[in-house]
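Okay, so here's just one chain, in C-alpha cells, the form predicted alone.
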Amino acid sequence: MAEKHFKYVILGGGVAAGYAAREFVKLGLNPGELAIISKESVAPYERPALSKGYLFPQGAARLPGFHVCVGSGGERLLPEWYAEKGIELMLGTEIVKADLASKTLTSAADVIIKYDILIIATGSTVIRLSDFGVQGADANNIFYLREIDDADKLVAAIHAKKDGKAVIVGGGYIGLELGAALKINNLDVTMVYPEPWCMPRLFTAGIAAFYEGYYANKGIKIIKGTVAVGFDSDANGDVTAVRLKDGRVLEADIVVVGVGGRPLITLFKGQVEEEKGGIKTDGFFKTSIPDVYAVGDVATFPLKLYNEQRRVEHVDHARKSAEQAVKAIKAAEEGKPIEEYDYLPYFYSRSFDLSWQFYGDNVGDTILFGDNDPTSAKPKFGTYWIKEGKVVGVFLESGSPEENKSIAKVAKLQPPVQDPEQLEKEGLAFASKI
C-alpha cells in the first residue's frame, strides 16, 4: 500500500482550498509541505461561474479563465502555480476513510496519506430527488449543478435540445440563476417551487415580488406551492415530462434541480464535535480534535457579530474562513496571537441585467425602499431589516460599488433607527451618510 506524508493537507479542492493555498504561500511554505486532495479532476476554481458565465450562449466562461483567486480580484492560480510552489495537487482522488486519531486518510486507490495538520474543506453536496425516492428521478437530462462536470453535461444538453422546454425544480439561488441562464439560451423555461415566493431563506415577499415579476416579463413561467413528484421518460431514458403534486404535467426536454445541499462530513462522523449540521469550530476554525481545522460550508463557527454559532454556505465565507484557518495555523507555529474571525454575512447574485447584494442578518421588521417595479427601465430598490431599534441587515438591487460598500458598513455598525417612516423616505441616502 503506497504511503505519503505531508505537513499540511487540505481535503477538498474547491474555492476554500485555493484561497488556503495562496495564504500558505504568502505566509511561508516550503516545497513538499502541502497537498490538496480533490475528487475533481481540475485545480481549484471559482464555483459561482458555473451557474452564471459558464452557461452563456456567447463569450462563455471557460477554464483556465476562472481558476481561483480571480473571484476576489486576485491573481489566477493556474495548475502550474501549485507545481512551482511545491504544492502537490492530488486530483481525481477520492478519500474513503479518515482516521483523525492516527492522522491518516485512505484513498479509493488504497493510498495512505498521513498529515500533521488537516484542513477539512469538503464543501457541500447537492440534495438529489432520488434521495427521496421521487419516481423517474434518474432519467437522462435531469441535472444538478455542483461541479464543472455537471456544467459540461448541462451545456451539452442545452445544445442538443435547442429551443426546447426546460423545467427548473427549486426557487433558490440555483433555480433563479439557472432560470435566467436557460432563458438566455432561448429555452422555454418553467420554474416550480413549493414556497409562497422565491429565495424564502433571504427574500421578503416584497423583494421576491420584484424578481418573480421581472422573470415573468422575460417569459419565464413560475408555478408556486407545489413540488415535482415524478418524471416521465421515453424509450431512450430521456426525460419527457415533470409530474407535479397538484396534478399538472409539464413537458420537459431538460430538468434542472436545485433544492439545496448538505455539508460533506460523513467521513468524520463520530470523530469530531458537530453542531447545527456542521463541524463545530472556534474563531480560528479549530475543531474539537487537535491539528484539525474545518472551513467553508462544513464549519459551524462563532459568528461574533450576533454572538451565535452559525454555518454559512457562501463563496465569500469559503474564501475568508480558509484564509483565517491558515493564519491561525501559522500564528500557532510562531507562537503569535491573531484576532478571532469576525465575519459580516454577505450574499450576492447576478442574473439577466440584475445584480443584488445583501449584508448582515435578515431578522426583525423590514422596510422596503426605492423603485421595485419589475417593468421599470432601471429598477433600483432595497430593504432594511430592523431588530431592537437597530438596522441589522441591508439588501440592495443594482447598487454601485460605493453604494454596496455603504450598505455593508450599515450592516456592520448597526446604527439605531428613530423613525421607520423616515428611513423608508430616506432609503439609500440613510446608508450613504453612515
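Quick caveat, the model's predicted, so the values are computed rather than measured. A residue's number is simply how far along the shown sequence it sits, counting from 1.
One more form of this protein, predicted in complex with a small molecule, exists but is not displayed; see below.
Undergrad: Counting only non-hydrogen atoms, which stretch in 179-187, 307-315, 360-368, 212-220 is within 4.5 Å of the small molecule in the model of the complex?
TA: Heavy-atom contact with the partner occurs in 307-315.
Undergrad: Which residue, Glu33, Glu397, Glu40, Glu403, is the contact with the small molecule in the model of the complex, using a 4.5 Å heavy atom cutoff?
TA: Among Glu33, Glu397, Glu40, Glu403, a heavy atom within 4.5 Å of the small molecule in the model of the complex occurs only for Glu40.
Undergrad: Counting only non-hydrogen atoms and a 4.5 angstroms cut-off, does Ile174 reach the small molecule in the model of the complex?
TA: Ile174: yes, in contact with the small molecule in the model of the complex.
Undergrad: Give a yes/no on whether Gly258 approaches the small molecule to within 4.5 Å in the model of the complex, heavy atoms considered.
TA: Looking in the model of the complex, residue contacts with the small molecule do not include Gly258, since no heavy atom lies within 4.5 Å.
Undergrad: Check whether Tyr348 has any heavy atom within 4.5 Å of a heavy atom of the small molecule in the model of the complex, and answer yes or no.
TA: Yes, Tyr348 is a contact residue.
Undergrad: So, Ile168 and the small molecule: in the model of the complex, are they within 4.5 Å at any heavy atom pair?
TA: Contact with the small molecule, no.
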